[in-house]
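Next up: a single chain in structure tokens, the form predicted alone.
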């Protein structure tokens, strides 16, 4: 690392150690969806020193997004989300390559080609609808972990899916035909769940996933956190 780079990460390195810090610096991660969860995950990963981050979304910033999507401001309303987010992330750190991809994740199969070409070590599901999540999961390359998160009202849930080792999202949510964007949700649970997802991405990169094979529920109504084993 150059002197400025070492200084930037000087508070993290004593906690993680040089080996883990270097693994983060060399890794590429794809974040699917740059809404509330995606903004939080992306910002934390960039501040943590991720080597490359790929942002995938087709949406534009709307006023209702601003109360919880922390990379955007009033000046961004109407802008393409991944482009606005990429600009903010580049201002935060010059040590991460930020790749914005304007693309909708659907059953067309394009996502599989994209994820394969990007060679990302982890894919993060920050989407807000199940058809998109299922399409994303189907496109994740063999052996690559998918960190999934979802939020609604004042609770969130996070798990890590690995094909052949854990239940798939399709299996977990087989009774869920669809979910419409625009669900009610509060800023604290979005940022908290996104922070946990970002930490789990780091755990996966270090080979110590905490949520593989279990679902973490974050309940803000009474500040309870509990796990559901997944079989």
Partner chain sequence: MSWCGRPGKGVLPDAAQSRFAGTMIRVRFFTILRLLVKRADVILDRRGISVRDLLDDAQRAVPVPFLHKVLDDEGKMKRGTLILVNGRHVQHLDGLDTIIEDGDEVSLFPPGGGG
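Bear in mind that the values here come from a model prediction, so they are computed numbers and not experimental data. Numbering follows the first chain given and starts at 1.
Not pictured, yet referred to below: the form predicted in complex with its partner chain.
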Of 149-157, 136-144, 113-121, 86-94, which is the one stretch near its partner chain in the model of the complex, taking non-hydrogen atoms within 4.5 angstroms as near?
149-157
Quick check on residue 162: any heavy atom within 4.5 Å of its partner chain in the model of the complex?
no
Using a 4.5 angstroms cut-off on non-hydrogen atoms, would residue 2 count as touching its partner chain in the model of the complex?
no
Please determine whether residue 172 contacts its partner chain in the model of the complex, using a 4.5 Å cut-off between heavy atoms.
yes
At 4.5 Å between heavy atoms, is residue 217 in contact with its partner chain in the model of the complex?
yes
Pull the contact list for 198-231: residues with a heavy atom within 4.5 Å of its partner chain in the model of the complex, in sequence order.
215, 217, 219, 221, 222, 223, 224, 225, 226, 227, 228, 229, 230, 231
